[in-house]
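Single chain ahead, by itself, as structure tokens, in the form predicted alone.
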């Protein structure tokens, strides 16, 4: 049984979770297989370059999925408490063939109300935000 955060102990601006995750080309190929998104910009440098991209890009939905994971962990693994989750894709995550990419996530309380909280996510790669207006609305017990 998971233990949910106590809403009365939260304040707007509190950092509730921070995490970083590494992406490799292997991750991209596995995600392509799981999602069915076999666009070659996600695994072939030549194709990415031919369409003007700086390199092979991580799938946006993969980045979005990783970005909410620290919130799920903060909720004790209870993803069912996430009522809404939205992002804007603002910059690509380029996954180097040798070093991969590291994406960092900071989750802060953006708003509180009687039903729960809005958690604002700052998601960055190489010092730049890659997901804009990334927010998860969560239900918390009174």
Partner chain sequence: MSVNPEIQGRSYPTTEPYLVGREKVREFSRAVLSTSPINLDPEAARAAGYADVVAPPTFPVVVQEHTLAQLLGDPDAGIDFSRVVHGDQRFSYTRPIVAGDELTATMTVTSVKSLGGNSMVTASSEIVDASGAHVVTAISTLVVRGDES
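Positions refer to the first chain, counted from 1. Bear in mind the structure is a predicted one, so any value in this text is a computation, not a measurement.
From this point on, the text means the form predicted together with its partner chain, which you will not see here.
**Q** Check whether residue 47 has any heavy atom within 4.5 Å of a heavy atom of its partner chain in the predicted bound form, and answer yes or no.
**A** Taking the distances in the predicted bound form, the answer for residue 47 is no, it never comes within 4.5 Å of its partner chain.
**Q** I'd like to know if residue 94 sits close to its partner chain in the predicted bound form, meaning any non-hydrogen atom pair within 4.5 angstroms.
**A** No, residue 94 is distant from the partner.
**Q** Is there any non-hydrogen atom of residue 27 lying within 4.5 Å of its partner chain in the predicted bound form?
**A** So residue 27 counts as contacting its partner chain.
**Q** Answer for residue 77 alone: is it within 4.5 Å of its partner chain in the predicted bound form, judged on heavy atom distances?
**A** Looking in the predicted bound form, residue contacts with its partner chain include residue 77, since a heavy atom lies within 4.5 Å.
**Q** Taking heavy atoms and a 4.5 Å limit, what residues of 51-70 are near its partner chain in the predicted bound form?
**A** Read in sequence order, the residues that approach its partner chain (within 4.5 Å, in the predicted bound form) are 61, 62, 64, 65, 66, 68, 69.
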